[in-house]
Structure formats: C-alpha cells, structure tokens
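One chain is shown next in structure tokens, namely the form predicted on its own.
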C-alpha cells in the first residue's frame, strides 16, 4: 500500500485520511503493542515467581503469634520489635559490614585474577582451562563446599596433621570467627568477578593499550587510566551478582563463623525455624531493603543495562 503526500483511503466504507506523520504514529503504536505482547509472558513469570512471594512476606510481617497459633491479622508487633530492639540494628550493621568487606576482597582478587588471565595468559585453551578450574567448585553442592573448610582448617584438620607429620609446629587456625567467615565467603564468591572482568578486559582493543604505552604511560598508568575504566562494567556486574548471593548467605556464618558474627539472613533462618514467622518476615523485608539500596548504588556507579 503506497503512501501519498496528500491522502489515502483505507476502507471504502469508512474512508480515513492519513498523512505520513499519522501513519508513522500508528505504526509505532502497533510496534509498542507487539513489544508488550512479547514481554507479557516474562512479566507474568516475574509477577508469579518474585512479586507475589515478596508481597506475601510483607503481609506475613503484619501477622501475630498467639502462643503456638499464627494469627492472620494486621498487627505491628513484629515491626515494633524489629525497629526498637538494638539487637536487630546491630545485626543489620554487621550484615552491611560483612558484605562490604567481602565485596572489597572479592573485587580486588577477582580483578587481579581476571587481569592475569586476559593479559598474561595468551593461549586460549589455557585461558578456558583456568576459567573452568575457577568454576569447577560450583559443580558440587553449596553446603559441601562450606563444610570442606572445617576438616581442612580446623585445629585437628588436614593442615595441622601434615605439619605434625613433617615435624613442624602446628598452627592454631581460624575457624569459628569473623575472619574465617569472611575468608570462606571470599573464596566462594570471587568466581562471580573473575569471569566478567576477564570478559571485559578481553574486549579492549589492544591498539588502545599500545597507544597509551607509546605515549609514555607506564603499565600501572595504562591500567589505571585506560583498562580499569573500560573494564569497570565487568567488575560492577560481578560484584552485583556476588552481593545478591552474599545477602542471602546464612550457612557460611553458621558453619564456618560459628555464629560469632551473625547476619540478618542467619537471624531470619533462626526465627523462622522457631515459628516466629512475623519477626522473620519483617527481618526479610529489612534485608531486602538493604540489598536494594546496595544494588541501587551499583546502578549509580555504572549503568548495568549496558552489560546485561
């Protein structure tokens, strides 16, 4: 159907005159409707799998426990307890502190490992092998990976056994404290940063780096002013996903940290296990809010939509 500069009749019964501008507007509206139709299944899945459970958790936080009976009513007792008890504020601060420390360590180690793979390992097969070795622990259960640290680093563990067999003095190792928990979390989540950083550094044109070095910049200056800004997206993406898992991690603090530095996720698990569902739900809402703030900060640092 041709479009003239004057007018066109689309229907003999109901003549409609369209200019090119109005026709373009109708075509854009039709494309927008088609886009929403394509997006509708994914939105339905998100609504059922994410939004509905979150709304349910928020609703449960306003219920009340009468003895052993869970009363489905609107009550602010759980929220009053969470907001007024200083213990919960300390838990929230401990959670933020632990997440920040682990993300800092994960960022530094992941950046170093990704840089090594991208710049010093030139063989593609070796690169793929090393990346596979980094991902290999994720082929086993999460709990198995955590529990493995206990027989390895315990005072009667493998390391002290080997030291005793070698005639060397044994070490008092670091299980069941914050240091052990941070170490275990760092080892678990650093892989989330290595891959994206390696991918981002591999996309940088070698001529850009060569131009920087030819202009007299040192290797450190080139990394700081050229490579790191261009690889920032991969680093932020890795930290983004690591933080999502960190906020929900409660088993590491319990099995490796020994509960000496509990997080909100651990408190949620304990309250839910004892039947205090309203308090557990209120803490879950607080934890979700903290996670959203942290993820929003990542979005302010870098627009993740350009990488995802």
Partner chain sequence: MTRTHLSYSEMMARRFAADHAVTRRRLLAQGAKLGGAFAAAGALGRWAAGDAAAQGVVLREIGLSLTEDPRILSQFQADTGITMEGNSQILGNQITFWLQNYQDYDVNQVNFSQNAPLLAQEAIQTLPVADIPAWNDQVIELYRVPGTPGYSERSGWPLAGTYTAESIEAETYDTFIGTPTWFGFDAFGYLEGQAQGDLTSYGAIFDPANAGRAALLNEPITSVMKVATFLEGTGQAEFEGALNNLTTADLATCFEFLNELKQAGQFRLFWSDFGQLVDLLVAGEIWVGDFWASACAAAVASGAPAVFVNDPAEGSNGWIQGADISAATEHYPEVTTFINWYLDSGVPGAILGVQGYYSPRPDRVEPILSEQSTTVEGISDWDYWYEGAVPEERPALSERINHIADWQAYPDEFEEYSRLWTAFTSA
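Predicted, not measured: the structure shown is a model, and the values here were computed from it. Positions refer to the first chain, counted from 1.
There is another form of the same protein, the form predicted in complex with its partner chain; it is not shown, and what comes next is about it.
A heavy atom within 4.5 Å of its partner chain in the predicted bound form is found for exactly one of 76, 202, 155, 123: 155. Its partner chain in the predicted bound form is not approached by residue 214, whose heavy atoms all lie more than 4.5 angstroms from it. Looking at residue 141, you'd find every heavy atom of it more than 4.5 angstroms from its partner chain in the predicted bound form. Taking non-hydrogen atoms only, residue 187 never approaches its partner chain to within 4.5 angstroms in the predicted bound form. For the chain shown alone, residue 127 is not a contact residue for its partner chain in the predicted bound form, no non-hydrogen atom being within 4.5 angstroms. Only one of 23-31, 40-48, 260-268, 240-248 lies within 4.5 Å of its partner chain in the predicted bound form by heavy atoms, and it is 260-268. At a distance of at most 4.5 angstroms from its partner chain in the predicted bound form, none of the three residues 57, 284 and 288 contributes a non-hydrogen atom.
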